[in-house]
Structure formats: C-alpha cells, structure tokens
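Presented as structure tokens, the chain that follows is alone, the form predicted alone.
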Amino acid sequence: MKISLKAPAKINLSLDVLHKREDGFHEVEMIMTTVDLADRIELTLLEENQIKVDVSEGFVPNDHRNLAYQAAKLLKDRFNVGKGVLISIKKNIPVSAGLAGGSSDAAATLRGLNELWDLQLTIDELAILGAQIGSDVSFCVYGGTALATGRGEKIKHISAPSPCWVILAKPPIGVSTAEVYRNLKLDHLEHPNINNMISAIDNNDYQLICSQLGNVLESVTFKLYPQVQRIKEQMERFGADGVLMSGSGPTVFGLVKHESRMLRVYNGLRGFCNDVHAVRLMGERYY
C-alpha cells in the first residue's frame, strides 16, 4: 500500500518577535500562508518494523535528523505501531531556505501515516503532535493561511489573501535560524502591524497586503548575509509589488499581481540568482 502527498512551502507575510521565553524559545506572532511549490512525499507500508527514508536531495539527511523520520518515529512510539514505512521525498522546495520544507515534509508524513497505519487521529490531534517536532509543523499540518503565536505552534486560521504570483529567490547560502535569533536585539525592533495585515487580508486589499509586509528578522539576516538584502533590492527594482524575506531567510519573495510583470521580475532575477521560482499563492486551507 502506498500513499502520495504534496508538502507545500510556506511564506511569512508578517513575522514579529515579542520577547524571549523562559524555555529559551522566542514568543512570536506570524502570518503564514502556503504557496504552490511543494515536495512530493510517497509513503510505502513495510511489514518489517522499521522506518526508512529515501531523499532525492543529497544535502538532506535520511536518518533520525530528518523531520519526516521524526514524525514517523513519534507516531510509531506513541501508538505502538508494529509495521514500518518507507518515506520517499522528492525535494522541490529549496533546502534551508526559510520556506518550511522540512516541516512540511513532516506534516505530510503525519497526515499520510495517519491513514496508512489507520490511526484515526483528527487533524487537530496531528497538529498538536506536530508541535513536538518543530515550530512550523503544526501550521503545515493544516496549510492555508493562519496567525501563528507562541513559538509558532498556536494556530488561528484566517482568510486566504488575494490570489497573486509569488516569486521566490534563494541565494546559494544557508542561514542558521539559531544564529539569527541570537543576534536579534529585542529592544531595537520595528514591529510589523499584524492587525493591519489581518485586516488587509480580510478586506481582500492586495495593495494594503503588499504595504504591510514585515519581518523583524530581516535586519539581522541582512547584516550577517548582505547578499540576501541585495536580492530584496533587486526584486524591488525589477518591479515586484511587495517584497520580504521569508522566515530567517535566505529566501526572499515578491508578490506580483499581473503575469507580464511577474515574467519581467522572474527573468531579471534569473540573471542575478540561480534558484528562482514563480508560483501561485495558495492560501486556502486544504485540511
């Protein structure tokens, strides 16, 4: 028996950090939404009691470090599952990019194994389990568009933004999320207005969405990795309607309403950065 699933990437329309918590994590407020760039996950039931991971991308681990492996191990241990699974991952989302590729793979694995192993868990129960794997996994279990609080695991669903093109550009570097947060000065932040962004989305106001994009981690990542800032500047120069770094980077995304301008921005960036994608905003919850 096999199950195939899509594991879509996410972008942050807003990312704010409020304070550092006693558990060492940071308290955040984020508005996240999904885009039509996805890894493909295939789960094959194994009679032998083991978890195997096969990944198309050489830089992604295929052992206990892989978040999809951790998702399978969590379910197997929690519910005493006596069968195994082969998790095949076809990577399309850039690795270590700020797009939650690994978290989305884990979320798809949770959803798929719920069916493959006949665990009969609700989607909300899967999201709660996902929070044990990583801060973005709960959101990725649901997909769609949401306000995420806590360390990112508390999810409140909101309306989908206006349909548009999303151009993603990733420089050939990796960014350490831990390093970015270590260098974040909480008393020198210009906080995005989360309520204004929610209002813009609710009112289907595309221009206001573009004007309210904000990510407090940009200032840190730009200092540590100046090439990320250069990509943002290039994307703005080529005419994207709104531009922001996703997560802790290094991927920068641009929102574009019209296809002709999307092509201009996409083609301009292709001469500046190798890893460029033009996809659609998904935004609607799929579970």
Ligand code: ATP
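In this text, residue numbers run from 1 along the sequence as written. Being a predicted model, the structure only gives us computed values, none of them experimental.
Separately, the form predicted together with ligand ATP exists; it is not shown, and the next lines address it.
With the partner omitted here, the residue from K223, R237, R65, H258 that has a non-hydrogen atom within 4.5 angstroms of ligand ATP in the predicted complex is R65.
Site annotation in the predicted complex: the residue of T177, S199, N183, S211 reaching within 4.5 Å of ligand ATP with a heavy atom is T177. With a 4.5 Å cutoff on heavy atoms, A97 counts as touching ligand ATP in the predicted complex. Residue contact check for L37: none of its heavy atoms lie within 4.5 Å of ligand ATP in the predicted complex. Contact check for K91: a non-hydrogen atom falls within 4.5 Å of ligand ATP in the predicted complex.
Taking the partner from elsewhere, M262 is found to have every heavy atom lying beyond 4.5 Å of ligand ATP in the predicted complex.
Only one segment in the set 101-109, 77-85, 200-208, 120-128 has residues whose heavy atoms sit within 4.5 Å of ligand ATP in the predicted complex; it is 101-109. Contacts with ligand ATP in the predicted complex, taken as any heavy atom within 4.5 Å, map within 4-39 to K10 alone.
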